[in-house]
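Here you get one chain, nothing else, as structure tokens; it is the form predicted on its own.
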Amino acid sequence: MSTARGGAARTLRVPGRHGYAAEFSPYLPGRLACAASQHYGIAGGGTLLIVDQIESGLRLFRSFDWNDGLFDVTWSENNEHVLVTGSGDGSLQLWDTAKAAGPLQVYKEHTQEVYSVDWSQTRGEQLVVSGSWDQTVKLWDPTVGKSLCTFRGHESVIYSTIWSPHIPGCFASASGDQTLRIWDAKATGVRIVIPAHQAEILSCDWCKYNENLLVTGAVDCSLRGWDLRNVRQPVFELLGHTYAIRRVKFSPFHASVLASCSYDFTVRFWNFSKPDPLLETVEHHTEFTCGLDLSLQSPTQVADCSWDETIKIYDPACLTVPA
């Protein structure tokens, strides 16, 4: 594992590990988790990497190996040491960064790859939602060994499951069936079905400032914004990526700013309220860029990871000046 300052980006090289997801700790400034896989996730094992920023760059704090690829990671919202990952063997793993041993718990119910995990952000709930290629979403209480309920309705693989940061018990899912769906965990049923693209949807996210606004990113290279009060047509469309959009994240600091990463190797930053919405294109990877997150502590800091075996933390120019 080598680290270097490459231009403005701090880089950690992780040989033989292809990055799928990167998530900043909600507690510790500069701590990042990365879910990675061997052999591009097609075969072999997976590794959860815990990375810290230091003066000279990035340092690997701890790594945990799993016997199948790891495709997503989410931090606990009530314990700074705990994370959950989703794996190619259909299981979720609960890890403790304070312990060097294997997972504290393994939840095995999905019958195919778990591609998405997310820990609820609203107070009073400590729940994890998981999305799988078995076309189901499952709801988990990490203190309970089995799922609380299973949500069915998607007609293809589920790529993304994200809790609303505003509405307790509400989450969104995005699927290869070309729909974005909004669910109510208490009603165990779908509230809204949005035929958001005429292509597989690989990612979705909720706006942090508007409880009715979501964004989707799809294989058609477009990002689309959706207002849940009127879903007949998107409220914005952002074009510029040249291959499938793998992940999209709204800014925690700017109501109309978001970031997306793609199989075109780039990360792009957008302000959908501007006539010319593309703020910046970052081209510092040489392979599919799959993981992306914006820091909750620093308004300018971004992390990403790629199949080029690198994890990067950087401050794009567009975020260091007012958007």
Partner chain sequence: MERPRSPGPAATLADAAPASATLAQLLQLVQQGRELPGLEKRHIAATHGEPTASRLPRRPKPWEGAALAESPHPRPQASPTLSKGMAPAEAATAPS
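Quick caveat: nothing in here was measured; it's all calculated off a predicted structure. Residue numbers count along the first chain shown, from 1.
From this point on, the text means the form predicted in complex with the partner chain, which you will not see here.
Shown here without its partner, the chain carries Ile50, Arg59 and Pro277, none of which come within 4.5 Å of the partner chain in the model of the complex through any heavy atom. Not displayed here, the partner chain is kept clear of Arg10 by more than 4.5 Å at the level of heavy atoms in the model of the complex. In the model of the complex, at least one heavy atom of His254 sits within 4.5 Å of the partner chain. Although the partner is absent here, Gly153 lies well away from the partner chain in the model of the complex, with no heavy atom inside 4.5 Å. Not displayed here, the partner chain is approached by Trp66 to within 4.5 Å at the level of heavy atoms in the model of the complex. Contacts between stretch 224-252 and the partner chain, counted in the model of the complex as any heavy atom lying within 4.5 Å, involve Asp227, Leu228, Arg229, Asn230, Arg232, Val235, Tyr243, Ala244, Arg246, Pro252, listed in sequence order.
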